[in-house]
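Laid out below as structure tokens are two forms of one and the same protein chain, each shown alone and named structure 1 and structure 2.
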Structure 1
Amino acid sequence: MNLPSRLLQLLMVVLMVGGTSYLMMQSLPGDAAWRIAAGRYGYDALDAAAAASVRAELGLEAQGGLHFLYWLGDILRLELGTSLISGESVWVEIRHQLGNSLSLAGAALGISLLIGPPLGLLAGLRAGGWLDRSLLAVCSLLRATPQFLLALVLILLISVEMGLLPAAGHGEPQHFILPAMTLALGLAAVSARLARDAMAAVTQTAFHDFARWKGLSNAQTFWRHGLRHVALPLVTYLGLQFVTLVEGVVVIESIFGWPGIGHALVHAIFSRDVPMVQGTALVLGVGFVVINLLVDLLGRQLDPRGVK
């Protein structure tokens, strides 16, 4: 674990995310003033005068690369600027939206951990059995299904046909279920296969056979000798799951009308709200670095071999 290298990695993430999102927003076709005016006043009140007012207020024609330099100056002061649409601080807006996204991601992650690893462990203990083969087929199907398609299938079956759950919304416990299940099924499919492979490998080791030869039961052998070996790849995969969750929330929040950071990012892109896009992408990028750091620390605790 090298703290200076981690800090350098964090600095590179800030510069790359900020620069890339700025360049991508500047390269979008169309007049940014019209988009921003539409976001502020609505399409019914949009006209040339409103767009000209926005252009003059924000100095869009004269900015060039100055906006990016202003943004870097804000970053040095731990500020993310002000939203071009709402006029609110980007920090304030992201804090509110990030809370909604984290609650949804936490629910999805919890459901996936309840489904995937237990099934994978059972399949790994009896590799080649009916559960192993059935789990392989289901996991392959779930991994091959895009999340937006899975979301639409769940909405049609559970909301439209059965009428059991709302198709969209926010604020009630039942609003969590469909978006969280959509995210969780894909995550559970991968974690189940990882747990299955790790458990099957453990059952082939000499220490597992020796533990069984000593008279330990399957459960005792797993808790005393197998859990640590199975946990390491699962914990490592939890860090990768953050990337999957970030990709998923952008799509899932838009489909289910969930007021999270992914939903806000899509609206900010359509409205050319550059400070919101840069701030949202930056928070997600920094979150990825922090999650990887925590995964590394936990991995060292589970497997201290090689630590100097």
Structure 2
Amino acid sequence: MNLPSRLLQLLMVVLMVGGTSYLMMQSLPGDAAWRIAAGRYGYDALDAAAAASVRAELGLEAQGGLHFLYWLGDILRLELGTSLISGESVWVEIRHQLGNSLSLAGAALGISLLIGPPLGLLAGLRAGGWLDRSLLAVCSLLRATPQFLLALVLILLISVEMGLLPAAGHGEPQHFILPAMTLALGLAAVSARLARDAMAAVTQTAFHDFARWKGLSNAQTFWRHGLRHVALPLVTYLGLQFVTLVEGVVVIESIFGWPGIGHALVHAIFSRDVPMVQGTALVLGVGFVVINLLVDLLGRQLDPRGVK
């Protein structure tokens, strides 16, 4: 886990994500000039003249991977180009939208940590007990419910019926709660099960029994010998949850009208905004690498065995 190899990994991710998203965008059916003009002007104002002006402006005739080379050159200068639709710099757009998505994802992760692991630990301590069994049922139900449906149920219950929170929107603190809860319930369902299994496994071990024999209380045993063992798989899983979050954020953002990166990516794909798709995919790809790195570092802190 040395730094040069990680940097190499990062470079590979940049090249592969950029290249793959470029190739995928190029292989989509339909004429890019028409799609871009459609994204810019909408169906009422789209016509051949608009498509022709887009074609001329962007030099779409020059194909054959030339654009990809330009893009690579830009990357070396830490440039992501400008959006073909809004004309805004891709960096500016991503910073704005990724910021919104990260704050939503962070809130979701926070809430899920408050709900999932504590419930899981409690269930794991009394494996097979009533809490364990009902938690299994609730977790399975939550995990099996598409987030789209869960979001609608929450909106109907909390916004429409009870009138407690805004149904959708962005800008005020209370707009966070429903989308973050929707994401968090799905995440908590899994982290609760994971914590439960890890806890149940720890209680079966010899060192756990030994700790009890030597006279430590339940709480002391948990804090000194249990928590660290449970934390290791949980932290690893949190890294993986980033994937689930990104996937969930795309759906959640469109339901709650949240101006995040998922929303931006979907729109960019529809309207062939290649620099925007490449930039977004790139930032997400680099995000995965960085998060995995952090998870590895944290794992090493939690479990120092084997370090020379």
Partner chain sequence: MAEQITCWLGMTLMVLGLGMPQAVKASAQSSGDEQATSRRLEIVAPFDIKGADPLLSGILFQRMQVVETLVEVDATGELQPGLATVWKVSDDGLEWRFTLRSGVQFHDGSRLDAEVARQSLEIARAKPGILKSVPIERIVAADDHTLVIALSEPFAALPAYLADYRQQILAPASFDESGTAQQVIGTGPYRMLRMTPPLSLEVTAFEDYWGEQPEVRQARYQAVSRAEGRALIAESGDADFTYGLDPASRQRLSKSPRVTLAAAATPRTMLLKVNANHPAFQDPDVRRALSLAIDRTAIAQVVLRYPRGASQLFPPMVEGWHDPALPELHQDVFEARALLDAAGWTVGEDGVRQKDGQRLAISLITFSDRPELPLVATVLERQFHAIGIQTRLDITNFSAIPAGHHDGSLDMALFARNLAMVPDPIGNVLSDYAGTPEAPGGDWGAMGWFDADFTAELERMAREGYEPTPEGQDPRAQASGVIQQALPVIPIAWYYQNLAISHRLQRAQVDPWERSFGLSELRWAP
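Every residue number counts along structure 1's sequence, beginning with 1. Between two forms, the rigid core is defined as the largest C-alpha subset superposing within 1.5 Å. All values reported here derive from a predicted model rather than from experimental measurement.
The chain appears twice here, and it is structure 2 that represents the form predicted in complex with its partner chain.
A C-alpha shift of 2.6 Å is found for Y43 between structures 1 and 2, based on superposition of the rigid core.
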